[in-house]
Each structure stands twice: as C-alpha cells, then as structure tokens.
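In the structure tokens that follow, a single protein chain appears in two forms: structure 1, then structure 2.
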Structure 1
Amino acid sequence: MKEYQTITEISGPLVYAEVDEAIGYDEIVEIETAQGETLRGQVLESSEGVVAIQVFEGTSGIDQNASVRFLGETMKMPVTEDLLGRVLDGSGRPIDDGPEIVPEERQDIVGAAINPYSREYPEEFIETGVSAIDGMNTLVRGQKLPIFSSSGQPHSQLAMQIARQASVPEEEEDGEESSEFAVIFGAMGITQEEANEFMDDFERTGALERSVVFMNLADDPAVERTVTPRMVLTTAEYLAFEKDYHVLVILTDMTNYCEALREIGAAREEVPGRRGYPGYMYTDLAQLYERAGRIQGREGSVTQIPILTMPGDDDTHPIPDLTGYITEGQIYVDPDLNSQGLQPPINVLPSLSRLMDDGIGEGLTREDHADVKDQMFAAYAEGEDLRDLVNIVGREALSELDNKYLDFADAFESEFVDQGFDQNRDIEETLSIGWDLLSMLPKDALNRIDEEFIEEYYREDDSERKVIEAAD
C-alpha cells in the first residue's frame, strides 16, 4: 500500500494531496498525523495528480508531514442482526461500552437503487399510536413521510414517541409467524442534552432492545454528518431485505445534514445554489429518501420518517421544499398549537399522507376509517374558517350549526390531537374518539360518511353534549 506525504492544502474539513496514480471516487483514506494519530477520510474529488479528501474526524492535527494511505475500497458498514440494542456514533463505531461488533458482512453505505419494476406498492398500515397521524395522515409500510417542524418545537419528543410505540398491528394479530419490527434511529447534529434525553427514553421504555441508534452530536465533524444517514439506511436495508424485518427509520435532523453539505460545498468553493446550498442537494436527498420501500419477493420493508426543522418556519426554504418534492406527504408540527399546550402539536390541515388511502380500510385498519377521516377534515376546516369569522361578528351572529362546528374544532384539538407524548392509542381508540367528536354534529351534517356507518357508530347521546373547554 502506497503512502504519500504530499499534502498541499488544508481547507476546512478538506485535505488536498498530490498523487501519481488513479484514485477512485469515494475511496477510503487513512491519514496518520505526526503525533501518530490515525484519522479516516473519503475521497471527495479525484483529478489527474490531485485528490480532495474529506476527513471524518476533522483536520485538526494534520499538517504537511502527515502520511496519506488509500485503501482501495469504498466505505462499508459492518452489519449483523446483533446490532439491535446497540448505540453507535455517526460513522458506525460502538459508543455504548458493549462488545466489539462481529459483522456477518460489510456492505457499501451508498446502497443500490431499488429497481422500479421490483418495487412493491406500499399499502400496509403502520400504527404509531399517535391519533393525528394514524387517524388523519396514516403511515404505510415502505413510505417516506417527513415531519416538518421549526426551532423550539417538540419534534424530538414526537420522534421518541413514534420510535417507542410504532408497530405493525395486523401482523401481530395473525397467528402465523410474521416479520419482526425494528427501529433505526439516526440523530445528526443534536446536542449532548438531546442525546441524553433520547437515550434515557430508549432505556427507560425498553425500546432500545428492538432499535439501533446512531448518534452524531453537534460538536462532531460535519463530514461525519454526511455519512450518518447512509450508515443508518444500509443497516435498515440489511435487516429488511436479508433478515425480513419491517424497519422504521427515523432521521433527525435533516436540516443539520443539509447544513453539513453546504459547509463542505463552501470549502470546495463550489458555485452555490438557492440560499447557498449546493445545486446537487436535490439529488443527494433523493439518494437517501428513495432507499425507502418494499421489494417483490422480500418480506421486509424500509419506512422513513425524516424530521427537519424549517428555518424561520418557512416551508418554501430549499430543505423542506426539495424534501416535499421527493417524499409522499408531510406532517406539520405547528408553533401555534404548541403555544396552546397541545401534545403533540400536529396541524392536520396542511399535513398529508399521499399513500394513506391504500393503507386503510377493511382488513387494514377499519372499514369506516376513510369516511371518518374525510368528515373530520371537513368539519375541522369549517370550524377553523368560522374562528376567523367569530373575531369579526361574534358567536351570537352564527347559526346553531356553525356554533357546533366551532365546538367541534375546539374538541378536536383538545381530545383528538392533544393526547400527550406518553399515551399510546391503537387505531380502534383513535376512531372511537373520532366518532365521539362527530356525534356532536347532527346526522344530516355528516355528508361524507356512508349511511350504514352512521347507523352503526353514531352516538345519539353525544349529539347534545357540552364540550369541555381546553382550559379545563
């Protein structure tokens, strides 16, 4: 193995070195400093005579006397079923004081694109235990459904709740042997305090036993942050397509990942795109998000919930904008609902799950699910519109039915959306609460629900009940 002492330039997380042989793109590099420390890197750009290397641990301690070795292979993730229950750093090394990982194989972290012909359409329900998601914006196996939040919102608590509660209910009910469920949690650029909260919750609830946790902290190098989601997804693909697990991947925070791309792009002096982000960010995000899915003939699946904080709560910002193009919907965490104390503060009106209709209904959730969802959307939207009108004319000027829509909107937020971060509701309980709320409206207002469902589920004794105010 050739060793070079030809470093010509150090720029941020990048090291430039002269070479006299062809070096492959993405090739793994070892850099030995004058102090004897060995750092790992990856070839980011290779041209005749010069290569650019991004160093995972940062360039501190590297000078022109450092030695560079090219290992002749791309970065690989050591994978095994024994990774479940383990905590790793952002580049896949154990940090939980557990035993060394003995891999069954080592897989390239870039992954292989799923052939569109081999993709199986996502249509099985994943129960998160969160009514605003399960009832109104259902997650299905193989889907990529991001959570759009903003700084200061409790998206971390929502992520922990989903990781703790998510399950595949119809497989649990079958007596036959079924695929197991696993959660791969990838944290990028989070603080030590957030990391401690995540780990305390995983250990307290026992969720760690079925999870693999990757932790890249805010003070870890930005370069490592670009590797973390690929490590996560390589592990997920192994468990899903070789060990038949249904895998839920939670990635937080994708905004930190994109900031790392911008930092590296600036160090390379690339021509920036929108708001300084690289022009290839859409392609880069698509390479990650499109690794979700199902493959014909394989039992397992990979489902993604990427979480991103929108700078300035602006959903036209490049990160949420590009994410929305690639993924199949979005869940909005709303600052106004959060200020009212709702947990989780999910605003269902701008939220959307494009694959929901294929994952609900008879044999999946319940036969009345689609009708209940449509009617609650319509009634809540009507109540929201009337709130604006009340500010102008007052409640006394509204009709009796309009006042019931206002009461419905208040009750929907306080009883359906606001469930707390520790309550786990199954789909039957979620739909039951939905019918309790819809029974506040007269039957003839339920014009989106089939008559037979109204006869079976409508509660006559609830139609005149008083709504408990949110303050109570």
Structure 2
Amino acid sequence: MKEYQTITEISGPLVYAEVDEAIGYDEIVEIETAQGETLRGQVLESSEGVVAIQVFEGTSGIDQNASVRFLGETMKMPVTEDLLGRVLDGSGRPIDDGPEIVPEERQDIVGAAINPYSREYPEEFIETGVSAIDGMNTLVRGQKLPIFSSSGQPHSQLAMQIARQASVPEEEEDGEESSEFAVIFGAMGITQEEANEFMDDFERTGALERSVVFMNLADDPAVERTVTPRMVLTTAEYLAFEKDYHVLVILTDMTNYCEALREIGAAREEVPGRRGYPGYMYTDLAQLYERAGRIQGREGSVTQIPILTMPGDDDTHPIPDLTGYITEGQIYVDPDLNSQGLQPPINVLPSLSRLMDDGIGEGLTREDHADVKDQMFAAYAEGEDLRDLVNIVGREALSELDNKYLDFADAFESEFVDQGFDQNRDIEETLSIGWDLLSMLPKDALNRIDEEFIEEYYREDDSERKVIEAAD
C-alpha cells in the first residue's frame, strides 16, 4: 500500500491528491495528519493522476503534508449477530465500552439493487398498536413508511411507540415472535438530548438487547451522515436475509442526511437541482429506501420507518417530496393536532399506506377492515370540510346529518386517534372503536360499506358500543 504526501487542494469536506497508480471509484482512504490523527474518507472522483476524496470527519487539521493511504477496497460494514444490543458511532465503531466486535462477514455498504424479480410482495400486517396507523394506514412487513413531521413535534415518541409495540400477530401465537424481531436505529445529526431519550427508552423497555444503535450526533461530522444509513441498512439486510430476523429500521432525521448531501454537492461545485440539493438526490435516496423489502425464499424482512422534519412544515420541499415519491406512503404528524394535545398527533387524511390494501382483510386483519377504513376517511373528510363552514354560518344553519358528521370528526380525533403514547391497541379494538364511531352516522350514510358488514357490526343504539362509553 502506497502512501502519498501529495495533497494539492483542500476545500470544505473535499481533499484532492495526486497519485501515480489507478485508484478505484468509491475506494476508502485514510489520511494521517501531522498531529498523528487518522481521518477516513472515500474516493468521489478518480482520474488519472488525481483523485477527489470526501473526508468523513471533516478536513480540519489536514494540511498539504498530511499523508494519504488508499486501502484498495470500498467501504465495508463488519456484520455479525453479536451486533444486537450494541451502540455504534455513525461509522460503525462501537462506543458503548462493550467487548470488541468479531465480524462474521464484512459487507459492502453500497448494497446492490434487489432484483425486482426476486422480491416478494409485502402483504403481512404489522400491528403497531397505534389505531391511526393500524386502522387507517396499515404498515406491512417489507414496507418503507416515513413519518413526515416538522420541528418541535413528537415524532420521536411516535417512532419509539412503534418500535416498542410493533409485532406480527400470527407469530405471537407461536411464542417465537420476540426472538425474531430486531430494531435498528440510525441517528443522523440528532442532538445528544434526543439521543438520550431514545437510549433511555431502549434501556427502560429492555428493547436494547434486540436492537443495534448507530449514533451520528449533531456535532459529529456531517459527511459521516452519508455513510451512517448505509451502515444501518447493510446490517439490516444481513440480519434479515441471512439471519431471518424481521428488522424494523428507524432512520432519523433524513433531513440532516440530505443537508449533508447538499454540503458535499456544493463543495464539489456541482450544478444544483431544486433549492440547492443535488440533482441526483432522488437516486441517492432511492438507494436507501429501496433496501426495504422481502426476498423470495428468505424468512426475514426489512421494514423502514424514516423520520424527516419538513422545513417549514412544507411537504413540497424537495426532501419530503422526493421521499414521498419513493416510499410506499407516509404518516403525517400534524402541528395543529399536536397543539390540541392529541397523542400521537397523526393526521390520517394526507397520510397513506400504499401497501395497505393487500395487507388487510379476511385472514389478515378482519374482513370489514377495508370498508371501515374507506368510510371513516370519507366521513372524517366530510366533517373536516364542515368545520370551515361552521366557523362562518354556525352549527344551527347546518342540517342534522351535517351536525352528525361534525360530531363524528370530533369523536374520531378524541377517541380513535388520541390514544396516548403508552397505549397498545390490537386491531380488533381499533376496528371496534371504528364501528362505535361510524354508528354515530345513520345507516344509509355508510355507502362504502358492504351491507353484510353493516348488518353484523352496526350498533343500533349506544348500549351496543364496545369501547367508547355512551355519551350522556
């Protein structure tokens, strides 16, 4: 391995060095500064005689006398089942004072694309215990379902709740579920305090032993953030497809990841796309999100819940926008509902789970699930619309039916959505609440529900309500 002392230019996170051998694109580089510090980087562009290197830890401390070593391989993640229960930094090195990790394999962190022909279509319901998700926007194994939030919202609590409660109903019955479920948590640029909250919760609930935690904190180098999710997903794929775990990956916060991409793009003087983000951001994000899924003939699955804070709560911003085009739906955390005190403050109307339709119904959840969901969406949307009108004309000016829709919308929020971050509801309970609510409306307003189900589940009077106490 040759060492060079040939750095010609240092600019932002980038270092340019002259070389006299062929260096591979994406190869890993070590840079040793005069102070004896070793920094790591990656080849971003390789030409004859000169390479551009992106330094993960930032370029401060590097001068033209620093020596550059090319390791002759691309970035690898050491993987083993022993990673469960461990806390690593953003580059995959342990920071929990635990024993050294002896890898079983070292895998390339730039995962190859899964052949669409080899995928298995995800259609197994994951019960998160959160009604607004299970009932209205069901998550299935192998799905990627982001949480669209904004600054100051309790998206972390929601993510924790899902991580804690998520289970696959059928397997619970075998009693084997707990051994198979793993959570991989990838933090990118979050604050120490947020990180502590997550860690406390992991420790309190004993979830840590079935988790792997990657921490890139707000004061860690930004460039490192571009490798953290790849480390996370490489570990997830290994546990899922080679060790048969059902892996739930939580990535937070994707906004910080994208900022790091933009920083590198700017340093390379690339032609920017929208709002200064690089033109290849869609492809880059896709290479992360598309690593969720199931593979034919493999037991495990990778399910992703990326969290992103939308700048200005604007979902047309490039980060949520591109994410929404790649992921299979999204869950909106709504500041208005949050200020009303709803826990979790999920706005179901713009939320969506694209894989829901194949993951629910007879044999999966319950035969009336799809109809109930459709009807509740329609009724809640109707109620929402009427709220604007009520502000102008008052309730008295509305018809009896319209008033019922208004009551439905209120009850939907207070009974169905607002369940608290600690309550775990199974799907039966969620649907029962749904019928309790729908029975506030007259039967012939339930035009999206099959007559058979109305016959079976409609509460003719308040005393039949299963969950919600009859109003006085």
Partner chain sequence: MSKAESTETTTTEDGAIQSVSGPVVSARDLDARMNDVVYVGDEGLMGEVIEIEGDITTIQVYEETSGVSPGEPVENTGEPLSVDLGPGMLDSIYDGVQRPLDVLEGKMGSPYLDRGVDAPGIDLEQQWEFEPTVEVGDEVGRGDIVGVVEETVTIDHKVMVPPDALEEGETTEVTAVESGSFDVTETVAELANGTGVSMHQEWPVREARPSQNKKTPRTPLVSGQRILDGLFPIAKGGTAAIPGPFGSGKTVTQHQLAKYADADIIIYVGCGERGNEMTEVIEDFPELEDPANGNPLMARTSLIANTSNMPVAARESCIYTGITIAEFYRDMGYDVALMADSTSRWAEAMREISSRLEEMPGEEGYPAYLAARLAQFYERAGYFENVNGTEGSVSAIGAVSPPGGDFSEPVTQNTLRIVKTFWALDADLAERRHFPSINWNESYSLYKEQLDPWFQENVEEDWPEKRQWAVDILDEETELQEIVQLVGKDALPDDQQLILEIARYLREAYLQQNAFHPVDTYCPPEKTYLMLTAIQTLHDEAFDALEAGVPVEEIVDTEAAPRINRIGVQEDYEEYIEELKADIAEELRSLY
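Not measured: the values here are computed from a predicted model. Heads up, when I say rigid core I mean the largest set of C-alphas that superpose within 1.5 Å between the two forms. Residue indices: 1-based, along structure 1.
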Subject >> Pair member that is the form predicted in complex with its partner chain >> reply: 2
Original post:
Taking the rigid core as reference, does I28 move its C-alpha 2 Å or further between the two structures?
Top reply: no
Original post:
Taking the rigid core as the reference frame, is the Cα of I454 displaced by 2 Å or more between the two structures?
Top reply: yes
Original post:
Is the C-alpha displacement of D63 equal to or greater than 2 Å between the two structures once the rigid core has been superposed?
Top reply: no
Original post:
Rigid-core fit: what Cα movement does P442 have between the two structures, in Å to one decimal?
Top reply: 2.8
